[in-house]
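Given as structure tokens, the chain that follows is alone and in the form predicted alone.
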């Protein structure tokens, strides 16, 4: 019988910095409370809106509060920002902490009433500066709340998957996950009538070559599908009325790009690597093509067509 490997042991044996270990472990504890709240909590609206004018669900607000308090408790975080906050928040425990954190506390929360998988997405940057290119990240992780709660993380040494067992401990399921060079599924975001002709040509290529459509509406769930199936592509493109697409660099694209690249995949805005983008605004958005290298490369070719 294989010996169980817990998250703490995996972090320690991988040589992760002790302070970063502590931060990731605190976040894993936060996720357990969120998972419990999703199973047992009230589903309704909080009567407030976030920084971007999106109506907040009660669980959005609760998840944000849980993570914020856990981050503050560590004394390791200088600044933090989430999709639910009205700006950057400094830690009252240690404003000189070695890390800054960006997070989406409950990605896909509008799907809760449909009982579909949703998640939490987190990016950890070094120092007190939040506006840094994604390639500077020291860690990225997401939690998926589905039939099983799962944690996927990277600290720049591969991408690793853990599942939450009955004792509420994260147990290693698969380490050094590797995507295939190509896949057979695609997840196309955005309204079809708002796609550009170049993006539509890329989607037609996928359909003509037998790719299966798999799209849930929750970014964490769709990325997890790529990882579970070891390939494929997720897209949320530039739209005719919104050239920057929908998804945000700091909270969603940077962490997922880091995770996918560490699994041997690729992430691009169609013309350049996501992790090389220099953010200029906390709410900055970008188109995204992420997954197996072949599909991301082909997307780039279609988007460059005149």
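All figures in this text were calculated on a predicted structure; none of them were measured in a lab. Numbering follows the first chain given and starts at 1.
Below, we refer to the form predicted together with a small molecule, which is not included among the displayed structures.
Peer 1: May I ask you to check whether residue 182 falls inside a 4.5 Å heavy atom distance of the small molecule in the predicted bound form?
Peer 2: Residue 182: no, not in contact with the small molecule in the predicted bound form.
Peer 1: Indicate whether the small molecule has at least one heavy atom within 4.5 Å of a heavy atom of residue 231 in the predicted bound form.
Peer 2: Answer no; every heavy atom of residue 231 is more than 4.5 Å from the small molecule in the predicted bound form.
Peer 1: Decide whether residue 108 counts as a contact residue for the small molecule in the predicted bound form under a heavy atom distance cut-off of 4.5 Å.
Peer 2: Yes, residue 108 lies within 4.5 Å of the small molecule in the predicted bound form.
Peer 1: Against the small molecule in the predicted bound form, would residue 246 count as a contact residue? Criterion: heavy atoms within 4.5 Å.
Peer 2: Yes, residue 246 is a contact residue.
Peer 1: For the chain seen here without its partner, which of 209-217, 144-152, 168-176, 68-76 has a heavy atom within 4.5 Å of the small molecule in the predicted bound form?
Peer 2: Single hit among the candidates: 209-217.
Peer 1: Just to be sure I understand the contacts: of 186, 195, 99, 236, which is the one whose heavy atoms reach within 4.5 angstroms of the small molecule in the predicted bound form?
Peer 2: The residue in contact is 236.
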